[in-house]
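Take a look at this single chain, the form predicted on its own, given in structure tokens.
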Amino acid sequence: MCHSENRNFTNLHVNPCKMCMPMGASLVFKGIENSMVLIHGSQGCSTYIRRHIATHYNEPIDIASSSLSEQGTVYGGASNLVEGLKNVVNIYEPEIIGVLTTCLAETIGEDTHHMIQSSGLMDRYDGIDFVSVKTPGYGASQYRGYLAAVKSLVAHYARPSGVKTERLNVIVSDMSPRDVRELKRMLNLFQVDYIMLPDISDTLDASFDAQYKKIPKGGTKRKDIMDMANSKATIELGMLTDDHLSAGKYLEDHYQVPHYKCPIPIGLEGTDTLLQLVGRLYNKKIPRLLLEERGRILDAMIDSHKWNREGKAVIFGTPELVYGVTNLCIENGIEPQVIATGSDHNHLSEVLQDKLEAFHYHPVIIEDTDFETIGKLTQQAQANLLIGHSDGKFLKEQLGIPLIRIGFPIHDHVGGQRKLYIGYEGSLRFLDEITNTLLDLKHDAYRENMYATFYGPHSEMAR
């Protein structure tokens, strides 16, 4: 097991395994009801983010820009920001505007919070909230930008009413809209009242409507975020989130809402952990339907283990997703050879160490990495499976190893928004996809391998 010293020795990333902070923050605001995003920076930044989100979710994605040019860069971009916000209000009529910064804005020292407060916009547009989030692209990955936006929203809105409720806060991590719908289904089976933050289940996977809406329906309501300070407890789907980045920890520290960390419910153990936690908090048994689904994935694990043991996987993506996928692989006999993420300071080695050692697995674990490094490690490990997002497709083409797509972004296949990974149902689908890929590998090379094994040596001797 080793860390970033195994990366390339040049001081740069070649095809980095991450995206920038405002990307992650934008995804959060897309899960808030009647909200819009304005990025304070050059037009290219918002175009890059629009393109990535639109091709993954196959939905029209509007992200505004303050369009900083040379003049704004030299003399300050306050006028651009104010004019841009006025345009957003007039065109979209949102309730919330997320104002995100970029590399350029942070480098020239733009304080968007102060600029908005001193602009008079808050008095002029009473009823519209401006939520500033510092997201310099060079500061960290989209994973950190996501966490920063969730915490900023909670810090901006959550206030105690003096009356505690039985509601459950659920802070969502790197999941698809279909995953969020599955999470809601599981909680509904428990008959638990919950607040989900953010909720992209409708906003980024909307049904067809002949009439175009500038802001799609759905998302977490503003009043519900306010009420999170009064909830019974918070479950944060993130095992690797540092306390200073955690919205759940913020609620616990400021409003005494008990905070529980839980992995994204991928695999048997990950799903068990979430459901047992919900059952314990509300003193309820796990619903019969979910137990039946658990039995089906157990049966599938027994059926497929003899093929899965031939899997040697390279797993990459955001830290929480990598953690969940690694656990699913381990519990099904698929050996992780390389575990990689482009984010840094994630404690991946620490949280995985005991389980990997228990199964005598010794993968390379690497953070803050790029695909050049992952490619070299993949060849050294002689892996036969790539599991991660679409940016790994170049490794697939170069090395001839199949890529099982999971996470964000998925540009080269359709249906990224409909992929289901979580819960017993989603984990079973995902496991079947992995097993079938291994079966294809085995069958596609079967005749060639048999010939080499039984006739190759004789042919060589004959010559």
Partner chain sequence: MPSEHVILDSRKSFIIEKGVAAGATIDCDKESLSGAVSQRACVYCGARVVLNPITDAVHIVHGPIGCASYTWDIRGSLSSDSEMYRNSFSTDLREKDIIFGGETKLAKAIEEVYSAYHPKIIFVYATCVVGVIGDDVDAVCKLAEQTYNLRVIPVKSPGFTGNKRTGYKMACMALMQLMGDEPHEEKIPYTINYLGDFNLAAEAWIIQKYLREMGIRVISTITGDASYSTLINAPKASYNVVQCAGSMTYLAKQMKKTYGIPFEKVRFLGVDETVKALRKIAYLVGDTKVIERTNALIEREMKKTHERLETYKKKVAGKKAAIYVGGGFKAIALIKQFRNLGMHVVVVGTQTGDSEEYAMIRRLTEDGTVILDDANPSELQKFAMDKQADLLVGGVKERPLAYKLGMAFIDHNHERKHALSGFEGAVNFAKEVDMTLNSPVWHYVKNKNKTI
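Residue numbers count along the first chain shown, from 1. Note that the structure is predicted; figures quoted are calculated from it, not measured.
Just so you know, the form predicted in complex with the partner chain exists too; it's not on screen, but the next bit is about it.
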(request) Only one of L431, I422, I63, V28 comes within 4.5 Å of the partner chain in the predicted complex by heavy atoms, so just point that one out. (result) I63
(request) Please pick, from E320, D391, E236, D199, the one residue with any non-hydrogen atom lying within 4.5 angstroms of the partner chain in the predicted complex. (result) D391
(request) Would you mind picking out the stretch of 329-337, 274-282, 203-211, 236-244 that comes within 4.5 angstroms of the partner chain in the predicted complex, counting non-hydrogen atoms? (result) 203-211
(request) Check whether S42 has any heavy atom within 4.5 Å of a heavy atom of the partner chain in the predicted complex, and answer yes or no. (result) yes
(request) Answer yes if any heavy atom of A155 is within 4.5 Å of a heavy atom of the partner chain in the predicted complex; otherwise answer no. (result) no
(request) Verify the contact flag for N90: yes if a non-hydrogen atom of it lies within 4.5 Å of a non-hydrogen atom of the partner chain in the predicted complex, no if not. (result) yes
(request) Give a yes or no for L399: in the predicted complex, does one of its heavy atoms lie within 4.5 Å of a heavy atom belonging to the partner chain? (result) no
(request) Tell me whether V131, S161 and H254, taken together, all sit within 4.5 Å of the partner chain in the predicted complex, counting heavy atoms only. (result) no
(request) For the heavy atom contacts within 4.5 Å of the partner chain in the predicted complex, list the residues of 46-75 involved, in sequence order. (result) T47, Y48, I49, R50, R51, H52, A54, T55, N58, E59, P60, D62, I63, A64, S65, S66, S67, L68, S69, E70, T73
